[in-house]
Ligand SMILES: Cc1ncc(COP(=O)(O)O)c(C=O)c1O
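Encoded as structure tokens, the following chain is the form predicted alone, with no partner shown.
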């Protein structure tokens, strides 16, 4: 499909405010200027505009003195590979010119290169263990890797039991079902969470009841939790969001006082700690996800850890169609097929062998982001309470438009134009059709509207983090300068109008 370059082209007689308007409307990050013969005579990017303002330009200033007239360009007729080779750290937007110097195409860095918000790191024994499954013909849920993975996972958490499942949502549903949560019951969940938390409750026939989160660390607010308890409440599902643990002492005290079950949703927090103890080990059950964007992955997959032998046995039966191991094809309950395959477990075991290296990498990533974004107006960095060890599953920030001069969504779009993938925070549960409810959730609503997560893969390079930080700083600086100039122009216009009114 031919590209439309109308947004990218201006006359050499344009003003700087017109360039800003084009860039803000999404003109692929660059504007090209044509002479009377339509030949491209100059280029301006966001950085060029900022430099012009720093040299004293105004919004009404003509662009001609600030045009970048010496610029790289590709050629029509050259191979695609030849043109792509011209792109790099210094050249992000490449005009492709025909023989007369007219714009024929634009290659953008973002089209050729993409920094994902998260990707798996498969550099250990994954291939070796998977090939062992294949060569031995043990690829289904029957096989030694499932048992080995469960044993190692339980050992890592200092828990007696762990059961592997086909995904993290199944782990939550399995735990709730085995705990007897059913029709007419209520389970309290945080309003700020991925939908799987609430879905697992609904699939039990129960009702998820959302409560607001804390401003300090973005997780379930114990005060709101206690107020939400009714005679129908049977369980609490604290979610350790974005890698930061919940305040488990307070939650467990409420659960004990009210005789409520606790199922921890640890999908995003494998390895996180509350007061030196790993999350997932406080409640009746702790549930984990191994989706491809998690700290360790099996592609899809999950795990439940627990202490109680009876609960473990119930979950084992429910996981395998309700069938008891000692009496094959005899079904005590209508269960589920929530088993993990041996191939998945092989990958999981190899990943778990690298867990400490992965967690150390995430701490380094967080430190580099913190240094790169430190002191930046309008940017709130992710929390880590004194009693918590945050694993920074995704490095997540909050953008305050009034101070940053740019909205979260504008920043997401700007980074996307540079090939940097981000993602917004989850929508509040109470806004979404399946979970809609009344009530007051001011903290969740504020975080959901302003929060975003930055690239956080285990293998992200330091220079890539620097690039993300520089782009964020650049956009905020750009908006700061533009806002200052617009205010100055408005003040000058007001003074001129006042002076005109008082002349005799």
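Just so we're clear, the structure is a prediction, and the values are computed from it rather than from any experiment. Residue numbers count along the first chain shown, from 1.
There is another form of this protein, the form predicted together with the ligand, and it is not shown here; the text below is about that form.
- The contact with the ligand in the predicted complex, taken as any heavy atom within 4.5 Å, belongs to 291 out of 358, 291, 336, 109.
- Proximity to the ligand in the predicted complex, defined as a heavy atom within 4.5 Å, holds among 210, 349, 267, 201 only for 267.
- Considering the ligand in the predicted complex, the lone stretch of 379 to 387, 228 to 236, 402 to 410, 283 to 291 in range is 283 to 291 [heavy atom distance within 4.5 Å].
- Every member of the trio 169, 194 and 197 reaches the ligand in the predicted complex with some non-hydrogen atom inside 4.5 Å.
- Under a 4.5 angstroms non-hydrogen atom cutoff, the ligand in the predicted complex has residue 301 among its neighbouring residues.
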